[in-house]
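Next comes just one chain, in structure tokens: the form predicted on its own.
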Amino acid sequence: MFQQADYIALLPEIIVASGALFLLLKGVFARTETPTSSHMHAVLALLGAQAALIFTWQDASVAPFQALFVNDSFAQVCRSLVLVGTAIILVLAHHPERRVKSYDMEFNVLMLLAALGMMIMVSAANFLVLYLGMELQALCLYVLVAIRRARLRCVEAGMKFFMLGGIASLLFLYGISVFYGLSGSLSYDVVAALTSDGGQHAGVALRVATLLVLSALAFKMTAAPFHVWAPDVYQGSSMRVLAFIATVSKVVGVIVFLRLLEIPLRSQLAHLETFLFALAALSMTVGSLAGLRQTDIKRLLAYSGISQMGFALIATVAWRGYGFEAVFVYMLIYFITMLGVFALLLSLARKQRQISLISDLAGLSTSHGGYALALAIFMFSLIGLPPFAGFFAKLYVFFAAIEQGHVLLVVWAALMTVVAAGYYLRIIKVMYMDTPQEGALDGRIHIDNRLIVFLTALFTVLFVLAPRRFWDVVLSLWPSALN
């Protein structure tokens, strides 16, 4: 039934699943287990899967397991993004000298399984396969958020995440069940052949199903008005779990959103412009305005992510042009920038307590001048100031929208950029102008964190030298099925 080529094409997923199973069995049978041991095994499993992905690179004609998966260049790049991003988060989060009880083995297993779910999501060519990947990822994230059971805030965040995530899953399941009823299949290609002219009732059912599926994905992306879980979950999560949710998980949600819009839901795009317009405008407005009054750095990052999602989604209304490509480029730049931000935040502490308030960053320019400069660069990039990478990210999505006549949305985005700049500049002001209330920041920044901060800051600054080259490379990796 299945050929050897099918298993070879999914060898990276098999390696990640095997690594998670190995860690589970090791945790049961090993007499002694060190945090470093399970951590290194998890990183090696991810790097091994990345090596397998490189050596088994397939052309776009290969569709493993009877076309349940797609194996084009875009899927390969997205799987690589998941593997490398998860490995980086694991490396950045591993500071055993700061932990009392952090469930390292369980944490590493759940990270591997969440990465496996995301790899399935980005390479799925069938709605049921996509749902299985989404649920595997979601269940792991629910547990990761609540893994510190002794802290009431973590448990509360995990419960909120689970309950609201369950509602999103129900919306998705109901939507794809309508697709199945209309087409008799859950394959992307078959659903793509559905049109609204099959009758009035069929047209309404198709549009409702499309909105349900996209709403469920908007929940994963923390786009307003489906963002209500994000501030509390971000605040209740540990910084290392938050780094994973705010970078890899968010980017994967956008990737799946774009692939569904481009392939199975392409025929519905003309009817979705109002929905996409509202999604972008609400996300920008809610994220920018609500972020101004935040004092907790995790909640601020939540609203920052909502706002950035709104800016990225601006280009989705330009689906007739190069809007989807602009969104993908925006999210890549956002992903790299946020890796640098979390590389710093995971390293900083005050009185052996990981920082949680914006005021905890006071005095960073005195104790760690180079890292204060790097964080300032990241903030300027998130605002979208030239000549940093974030400026070009916004330029791409703005031009894509303007080209299709959505000038009003771009004007509103420019206004919200000015509003959002308030809380990014406040972080810079605290670092350089405020004096710490509880002594200087302590804890040394590890060499791996330093390397990530340096590389991401270098990318953010030097992007100005080759923005067109970066754009061309991304276009060359776009799915061969896309125009």
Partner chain sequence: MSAWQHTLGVDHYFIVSTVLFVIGLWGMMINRRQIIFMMLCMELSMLAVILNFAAFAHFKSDLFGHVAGLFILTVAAAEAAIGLALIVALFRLSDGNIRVEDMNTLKDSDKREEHKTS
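Given the structure is predicted, the values throughout are model-derived calculations rather than measurements. Numbering follows the first chain given and starts at 1.
Not pictured, yet referred to below: the form predicted in complex with its partner chain.
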Contact residue in the predicted bound form, from Ala278, Ile167, Leu408, Val228 (heavy atom within 4.5 Å of its partner chain): Ile167
Contact residue in the predicted bound form, from Val77, Val190, Leu139, Ile263 (heavy atom within 4.5 Å of its partner chain): Leu139
4.5 angstroms heavy atom contact with its partner chain in the predicted bound form for Ser215: no
is_contact(Ile176, its partner chain) in the predicted bound form, heavy atom dist at most 4.5 Å: yes
Interface membership of Asn126, its partner chain in the predicted bound form, 4.5 Å heavy atom rule: yes
Exercise: Gly236 in contact with its partner chain in the predicted bound form, heavy atom 4.5 Å: yes
Location of its partner chain contact in the predicted bound form, chosen stretch of 265 to 273, 239 to 247, 142 to 150, 217 to 225 [non-hydrogen atom, 4.5 Å]: 142 to 150
Sequence-ordered list of residues in 151 to 166 near its partner chain in the predicted bound form, where near means a heavy atom within 4.5 Å: Arg151, Leu152, Arg153, Val155, Glu156, Ala157, Gly158, Met159, Lys160, Phe162, Met163, Gly166
